[in-house]
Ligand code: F6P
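Below you will find one chain, with nothing else, as structure tokens; this is the form predicted on its own, and questions on how it binds or moves follow later.
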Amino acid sequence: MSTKKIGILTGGGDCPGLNAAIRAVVRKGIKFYNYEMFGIKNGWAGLINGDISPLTMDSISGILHKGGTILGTSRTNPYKKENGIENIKKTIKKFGLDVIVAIGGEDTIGAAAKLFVEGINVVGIPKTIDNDLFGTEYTFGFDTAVSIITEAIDRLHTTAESHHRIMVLEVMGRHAGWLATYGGIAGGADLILIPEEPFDLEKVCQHLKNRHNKGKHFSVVVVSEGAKEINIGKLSTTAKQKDDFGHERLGGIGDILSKEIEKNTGFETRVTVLGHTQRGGSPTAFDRILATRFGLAAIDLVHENKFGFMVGLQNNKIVPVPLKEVLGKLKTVPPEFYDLAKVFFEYD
């Protein structure tokens, strides 16, 4: 009886926990199901170009604690590449792959959902530091990023207080402010600005003035890269460059906001942009465990021939979520959760 051949890829931005997920899929696939495992290099690009090599027990030894991904990644959209889908099917046939395990965020999982409709057996594993993927309460990578943001706020607090400055911290979050909200609450930020709720610059400045008048001569403001001002178009950070999935490259809201705050309040203001620091380094224990649970559940779905699903965390249980239910949807910060943060920085 022939064994199944499983291809694994990681797509989109890297994040802590990817290697833990790869390790879990490969280990259980080989040890429990006697599958042949293959690593697909650099996301969908590797499947298009046929850049594939075997994964063994030795391949996954010692990778649990490492950040990034041993398979490499890219933001390649197979539907934007000439003959992309045709080449994917040729590669699958050439290597005799029975199933593709796609580990990624909104774009990678979205492409997997479309490929399943094309007749390709796929199982998805959700990852993104933004935590904005529909169908799962948490994605691995998020907890690590929140920890990095929290530590950054702790450090900014001490220098802000020493120099009587306002410190603006720009964090990732294109459409969802989970990182800013969680990190801001944990770090005790004085204001948190997220994409879900456009902010009023005048009210932001007035709040900072009120703090100053009450003897608080420093403040820390956390802003998501995708946050928008409700009235002033000049605070827009839309860029001309777009990736294969049509996403504009963001960044710069922190710098613009800090200049506007200093101009409107007269208080010395500095900006820190965490950037890719948020997605680098070793995963937290939570992310290692979650990624492992996802990986083990994904290979179980493969064994059960349950394709077209993504594994997700719901009520602390790993459950299969139909890919068609995830496609085109985002999980954003609900108003009631953002209200928790507002308790600590309501405008006076």
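Predicted, not measured: the structure shown is a model, and the values here were computed from it. Note that residue numbering begins at 1 and tracks the sequence as displayed.
Although it is not shown, the form predicted in complex with 6-O-phosphono-beta-D-fructofuranose is what the next lines describe.
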Exercise. Where does 6-O-phosphono-beta-D-fructofuranose sit in the predicted bound form: which of 188 to 196, 261 to 269, 88 to 96, 165 to 173, heavy atoms within 4.5 Å?
Worked result: 165 to 173
For this session: Would you kindly say which of His217, His207, His157, Arg75 lies with a heavy atom within 4.5 Å of 6-O-phosphono-beta-D-fructofuranose in the predicted bound form?
Result: Arg75
Problem set entry | Answer option from Thr144, Thr136, Thr128, Thr181, heavy atom within 4.5 Å of 6-O-phosphono-beta-D-fructofuranose in the predicted bound form | Thr128
Exercise. Does the 4.5 Å heavy atom contact test between Lys203 and 6-O-phosphono-beta-D-fructofuranose in the predicted bound form come out positive?
Worked result: no
Exercise. So in the predicted bound form, does Arg279 come within 4.5 Å of 6-O-phosphono-beta-D-fructofuranose, heavy atom to heavy atom?
Worked result: yes
Seminar exercise, completed: Of the residues spanning 203 to 227, the ones with some heavy atom within 4.5 Å of 6-O-phosphono-beta-D-fructofuranose in the predicted bound form are Glu225
